[in-house]
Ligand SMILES: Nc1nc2c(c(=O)[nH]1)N[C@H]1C(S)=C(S)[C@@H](COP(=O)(O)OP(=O)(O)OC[C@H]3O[C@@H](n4cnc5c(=O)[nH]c(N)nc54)[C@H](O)[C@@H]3O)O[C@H]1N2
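Below you will find one chain, with nothing else, as structure tokens; this is the form predicted on its own, and questions on how it binds or moves follow later.
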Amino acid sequence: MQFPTACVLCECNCGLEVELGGEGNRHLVKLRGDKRHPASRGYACEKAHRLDHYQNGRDRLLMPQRRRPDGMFESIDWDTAIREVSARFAKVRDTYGGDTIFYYGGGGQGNHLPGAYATATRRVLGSRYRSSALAQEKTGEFWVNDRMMGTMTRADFEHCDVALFLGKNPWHSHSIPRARVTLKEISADPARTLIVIDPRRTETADLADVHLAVKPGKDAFLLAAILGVLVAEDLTDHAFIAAHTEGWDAVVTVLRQVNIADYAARAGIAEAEVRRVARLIGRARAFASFEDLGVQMNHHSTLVSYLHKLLVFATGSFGKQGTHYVPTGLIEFASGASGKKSPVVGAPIISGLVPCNQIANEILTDHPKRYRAMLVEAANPAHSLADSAHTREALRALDTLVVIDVAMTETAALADYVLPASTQYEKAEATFFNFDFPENTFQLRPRLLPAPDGPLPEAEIHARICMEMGALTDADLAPLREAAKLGRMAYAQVLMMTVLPDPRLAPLAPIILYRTMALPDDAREGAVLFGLCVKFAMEHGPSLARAGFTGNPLEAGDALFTAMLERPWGVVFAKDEWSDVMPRVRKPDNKIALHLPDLLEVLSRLPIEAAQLSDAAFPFVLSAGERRAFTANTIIRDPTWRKKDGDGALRIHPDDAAVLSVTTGDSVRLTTKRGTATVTVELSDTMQRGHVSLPNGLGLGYPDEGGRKTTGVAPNELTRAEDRDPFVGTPWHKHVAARVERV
């Protein structure tokens, strides 16, 4: 029998059909793309077929763990764990203030509902500061988007005639529905053009009509040169700019000063090729583009995000089919700077997130408002954040560290308490990475199989902590439990009359919904979605109505929630029209703000700043964390899931290897300003001379013959926290100064 669920290895979360079998009927023995899923439509890449390595990992935790005075862990029961964890957090809150309790997580890929339930625990604790992996990836783009539009954009690649991927290899990193199908369709159509900007000749670049093999870290020069050509050759959309933007004249003044030939040379691209690409983009019927970690974790990352958006708006590639749009999301996914700063170093908080590269500095200090306790959920910052040694030092310095996770991760190994969670297939789960247009989709995945004795879903863990701390009582929940017996509409009326107006209970609404709603057992953790559905109906009624959910907000929201329960393969929750896009620009008169003075100032002095970034003692550029065929996020810890490149080789150009007198399979010493590692090399003419790369997802410990074996190099043992964007703090993982020597 096939059960509907989804892949959890990238943001696309393609729909899957899964057959269970094996010992105890607990193995995912057969997986295939689910044709009923409204976004992926039967598509799935090869990685999804290895998901049983996640579900049945050998380092699975089955009981809560408490660190003993001798540093070892001991198993304890859940009542003891909840009581002691609650007491430890309460002591920090009552002594130093809840704002000294830091939260890191909110759900990994496809594992987003825990973040909703964690908001209740954080409010009980008074925790104000949080972060997640997004803060070391996307906050530069968030900040630029918010300042220019007050919202976010994505692009319609299915209908464009010119597609650009900037620091992005969707063949492996996906991020657009049915990525490989779409790439092949664009590549095969002579009327369409695929452009890739990437130092490496990636799988996507192999399909491209134009591959601009930019020098590592020189993307800002290349984009500035392309924009310079658009202005010099009058390839901009004057009508769009006049009708929908403000500040273009100030931008043009700076772009006219760009020496196109010089900037092209600095980027390593022939001027004629730069001009050809500019003409392709400027003359496109419909231009769609996507920037990703190759530039967002690189030098001038925030400037590059700004230049990329200027490229979109200067060509009028917004608000029409085949171009860029503003999606209708079930939640507000990304916002800009609120003006708030982190308490110790004063780092800007973007989209509610403290910059990851500053977290250790917020802990390792005598400042009275330093973070003293930390709750980490479905995340592994000891492995994923820059400068792992510094991060470990900070985590050890905390008064209390509590980790909620499936396995004994590198972060869990440092914790005072580890609370074992159900896997994503042992509870109802969902993802909020919903960016499709004009039809947007959502999937509430029901539980596939029960958890073994011991682990609990995160919703239950948070509910127990809130109850233990006295924030909720059975008396608070009793009226809602009674109302639930009368049907969902009666339940909703009681919820709105007794919970939402109450300043004590309203912040705990996720837990109240979880504890009191009448739901099928395999969908219980989806309770929090009911409130989100009603809220969505209040804010996006027309989009919801076009998707078939009508009535007043309560009726429409309830109908949407019911559809989520009844269609476990996914539901279309919003239908939009292209005419909806421009009014979603949240700026005065819906006009896009093109003039960002601070970023234009950086552009004007770009050659001077770029010259200051080189270091002759470290002649190589290391991309620390390249996405490859068998790397994804790190929830699959079992190294045997990789069919090839098991140890994660260092890719290097054959000419560089010849100078070092090494060949594929040999070992080299890789040294950065932070650390040294010995790694096997792989010769690859996809690399540029002077550019080397390590894959992401390696360097994890895993049980092996009675002990733990670490496979490959953990990239963040080699990165430095101080190597980060000056505006929003995103790390430069894709541009690490390095030295390579033969062992």
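Please read these numbers as outputs of a predicted model, since none were measured by experiment. Sequential numbering from 1, following the sequence displayed.
Although it is not shown, the form predicted in complex with the ligand is what the next lines describe.
Region of this chain that lies against the ligand in the predicted complex, out of 87-95, 135-143, 434-442, 516-524 [heavy atom, 4.5 Å]: Of the options given, it is 135-143.
Touches the ligand in the predicted complex: P510 (any heavy atom, 4.5 Å): Because no heavy atom of P510 falls inside 4.5 Å of the ligand in the predicted complex, the answer is no.
4.5 Å heavy atom contact, D656 to the ligand in the predicted complex: Flag for D656 set to no.
Non-hydrogen atom contact S317 with the ligand in the predicted complex at 4.5 angstroms: The answer is no: S317 has no heavy atom within 4.5 Å of the ligand.
Any non-hydrogen atom of K168 within 4.5 angstroms of the ligand in the predicted complex: K168 belongs to the contact set for the ligand.
Within 4.5 Å of the ligand in the predicted complex, all of P199, D219 and T409 (non-hydrogen atom): Verified in the predicted complex; spot residues all in contact, yes.
S289, T328, T634, T193 - the one with a heavy atom within 4.5 Å of the ligand in the predicted complex: By the 4.5 Å criterion, the partner-contacting residue is T634.
Contacting member of A120, I241, V214, V274, with respect to the ligand in the predicted complex [4.5 Å, heavy atom]: Result of the distance check: V214.
Stretch 417-452: residues contacting the ligand in the predicted complex, 4.5 Å heavy atom cut-off: Residues within 4.5 Å: A421, S422, T423, Q424, K427.
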